[in-house]
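What follows is one chain in structure tokens, specifically the form predicted alone.
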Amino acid sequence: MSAAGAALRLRGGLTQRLVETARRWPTYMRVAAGVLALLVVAGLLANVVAPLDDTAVDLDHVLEGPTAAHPMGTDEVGRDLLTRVLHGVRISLVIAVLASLAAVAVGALVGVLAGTLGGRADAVLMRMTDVFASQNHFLFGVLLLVLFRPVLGGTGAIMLAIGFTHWPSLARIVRGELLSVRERPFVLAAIGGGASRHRLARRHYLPHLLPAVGLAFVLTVPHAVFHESAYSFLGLGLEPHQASLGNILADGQRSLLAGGWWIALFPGLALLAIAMTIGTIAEYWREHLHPRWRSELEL
């Protein structure tokens, strides 16, 4: 069989398994997955469907309510709100995903080092993890933003703040799983048979750690979306003219007294939809993957 034929067959097999898995989902999971897919596609196609000029001003259409021409209305300088919300979804999701990946990378590294080295190194790393876990995520993130925003800019500082405050729970999970796997009979048998560290990590450790790491990543994304939006809402995140959901909500707060209720409503609904759909999927995954991670993965 040619390489192209093998690739098509593999792709078809994966698609069939995904469809079969989706059929076993309860109705609420299908709805959540559909809404999330719609939001992601809308965000990805935002530049194609509705290009945005953040500095554009249209004083002839200031604070217009939802109409056929502007389904979500316009903002305080006449910009189309639907266009800004679509771009806000994309920006907020991209920042949240990258920040969550950073948190997962730091947490997995600390957990692997603690579980592998053991002894004094394990104790030091875990006490450091406890110190970070005891801090208030949001307030510690504000401190990091104040310190690093002049150097890294809004986007870089937000990713640093989120990534640096959400890794301790994952570090504990990875360390605990690694210590558990190392004591299992099949690992002890592999060690007795002369398996190298590389083979142990590739064949035994990684397959048991990846589900926990993946679940922690999914659970971190909605937290990151909320944090990014809150930082931008407070003026500590992205530049005010950029179309993040937090910035649009801040515009909506200023426009409420002028009657522009729609400016806060629609980005708020988008933010709520992102958090609820990802949270629903993550909770379902956690319940069916490993129930004992319930308390440990409360990020």
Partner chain sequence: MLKLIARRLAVLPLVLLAVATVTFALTEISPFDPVEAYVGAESNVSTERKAEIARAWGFDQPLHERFGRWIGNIARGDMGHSIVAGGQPVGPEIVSRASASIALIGGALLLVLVGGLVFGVLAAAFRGTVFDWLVRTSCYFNTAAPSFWVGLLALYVFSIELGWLPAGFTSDPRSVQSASIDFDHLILPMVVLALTGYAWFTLYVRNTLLEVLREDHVQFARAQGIGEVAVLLRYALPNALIPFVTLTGTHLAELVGGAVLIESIFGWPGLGQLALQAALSEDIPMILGITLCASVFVVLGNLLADVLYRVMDPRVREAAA
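Numbering follows the first chain given and starts at 1. Fair warning: this is a prediction, and the values are worked out from it, not measured in the lab.
Form predicted in complex with its partner chain: not shown, discussed below.
With a 4.5 Å cutoff on heavy atoms, residue 153 does not count as touching its partner chain in the model of the complex; it lies far away. Taking the partner from the other structure, its partner chain in the model of the complex has no heavy atom within 4.5 Å of any heavy atom of residue 86. Using a 4.5 angstroms limit between non-hydrogen atoms, residue 147 touches its partner chain in the model of the complex. Taking the partner from elsewhere, residue 143 is found to have a heavy atom lying within 4.5 Å of its partner chain in the model of the complex. Interface residue among 271, 238, 39, 32, judged by heavy atoms within 4.5 Å of its partner chain in the model of the complex: 271.
Residues 249, 253, 256 are the members of 242-256 with a non-hydrogen atom no more than 4.5 angstroms from its partner chain in the model of the complex.
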